[in-house]
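As structure tokens, one chain now follows by itself in the form predicted on its own.
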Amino acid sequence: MRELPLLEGTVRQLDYWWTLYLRTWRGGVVSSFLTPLFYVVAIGVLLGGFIEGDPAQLNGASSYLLFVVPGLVASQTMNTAIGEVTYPVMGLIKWHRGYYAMLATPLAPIHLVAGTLMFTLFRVASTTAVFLLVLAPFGLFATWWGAVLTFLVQLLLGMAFATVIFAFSARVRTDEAYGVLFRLVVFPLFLFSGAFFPIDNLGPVLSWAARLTPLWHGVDLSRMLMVNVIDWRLALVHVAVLTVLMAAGWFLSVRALTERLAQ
């Protein structure tokens, strides 16, 4: 059977995800709007009202609301991306074995990886767009181009997480591994990657450990762009780290799924 080119195979595989999405999108519409709004109001506005907004202590942000919102945006990006490549991927491999059925067509594992990641990119883009639209009335963007670049950063951040976690999902044998992933990786990243407080508050050792996490790179870069206090050299480092992570994750994902489906 002739193997399809990457682009054609990816488009064909996207038909599965698009059909599934058309049947289930209504379940997430309300939460897509309300969840970011509740986060912003509860943490940024209400809790932020008790915190003094010193730009020197808040990475250039003039208020705690402006400080915390980029962290919330980046954290939602991480959670959305990881959510699309954990249980759904395991289901296609282990439970209803959809990937095996797709291999009976001209599709190859690389098409399955690409199609899943492209759908994940769509989900990240749509949820981020909604989040940023919810933020618009709060006047949190210093410039219009900062808002656009913040959106693009979320796409890069989402793919950095999605590719790596896809490779993880293609390797694990039971969903118990996700309990470890969420408790020992995702939740600590959410709390200690600079989303809610400056990482310098963690002390010299833990602050440097936080700087090694991909979420910190996404949070810090998003914050720079939103408040328009940009260290361009550090911004390039952020982009480079996330790009390298995404490229490595892509390679590992294709390899892991190819080996898993060959068993």
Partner chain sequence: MVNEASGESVELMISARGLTKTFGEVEAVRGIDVDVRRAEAFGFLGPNGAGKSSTMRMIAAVSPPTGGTLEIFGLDPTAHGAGIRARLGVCPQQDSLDTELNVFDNLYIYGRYFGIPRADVKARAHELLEFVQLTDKADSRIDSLSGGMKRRLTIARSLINSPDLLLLDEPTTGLDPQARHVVWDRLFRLKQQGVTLVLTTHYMDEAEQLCDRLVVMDKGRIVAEGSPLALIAEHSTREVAELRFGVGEHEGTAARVSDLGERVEVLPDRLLVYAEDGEEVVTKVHERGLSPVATLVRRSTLEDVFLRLTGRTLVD
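Residue numbers count along the first chain shown, from 1. This structure is a prediction, so every number in the text was calculated from the model and none was measured.
The discussion below concerns the form predicted together with the partner chain, not included here.
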{"query": "Exercise: Leu107 in contact with the partner chain in the predicted complex, heavy atom 4.5 Å", "finding": "yes"}
{"query": "is_contact(Arg173, the partner chain) in the predicted complex, heavy atom dist at most 4.5 Å", "finding": "no"}
{"query": "Non-hydrogen atom contact Tyr16 with the partner chain in the predicted complex at 4.5 angstroms", "finding": "yes"}
{"query": "Interface membership of Ala248, the partner chain in the predicted complex, 4.5 Å heavy atom rule", "finding": "no"}
{"query": "Proximity to the partner chain in the predicted complex, single hit among Val185, Ala129, Ala101, Leu152 (heavy atom within 4.5 Å)", "finding": "Ala101"}
{"query": "Partner-proximal stretch of 116-124, 91-99, 155-163, 142-150 relative to the partner chain in the predicted complex, 4.5 angstroms, heavy atom", "finding": "91-99"}
{"query": "Neighbours of the partner chain in the predicted complex among 244-263 [non-hydrogen atom within 4.5 angstroms]", "finding": "Leu261, Ala262, Gln263"}
